[in-house]
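What follows is one chain in structure tokens, specifically the form predicted alone.
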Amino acid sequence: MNDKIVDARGLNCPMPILRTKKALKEIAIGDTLEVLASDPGSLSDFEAFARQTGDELVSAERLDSHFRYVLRRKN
């Protein structure tokens, strides 16, 4: 179970990333954040975001109508 969920379905870049960045600041280091997004470019956005911030992209999966990402706050 993840510590917090951000539902960014229906939002285009950069909104899913901006909401994720804000939500990560609200959870403790080591906790996980689940993000739901429908933007087709979100996979590359979340991979780049994790590289740049040092947070861990634990999983990325494509579901029927959207994507599901789990990130772990590292710093």
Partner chain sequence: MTNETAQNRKSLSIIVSKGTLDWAYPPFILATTAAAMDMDATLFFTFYGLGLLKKDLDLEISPLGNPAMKMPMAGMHIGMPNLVAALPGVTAGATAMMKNMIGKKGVASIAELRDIALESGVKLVACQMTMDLFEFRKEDMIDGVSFGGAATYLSEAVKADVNLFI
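Numbering follows the first chain given and starts at 1. Note that the coordinates shown come from a computational prediction; the quantities given were computed from them, not determined experimentally.
Although not depicted, the form predicted in complex with its partner chain is the subject of the following passage.
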Does residue 12 reach its partner chain in the predicted complex, with heavy atoms at most 4.5 Å apart? yes
So, residue 52 and its partner chain: in the predicted complex, are they within 4.5 Å at any heavy atom pair? yes
Does the 4.5 Å heavy atom contact test between residue 21 and its partner chain in the predicted complex come out positive? yes
All of 17, 48 and 75 within 4.5 Å of its partner chain in the predicted complex, heavy atom check: yes
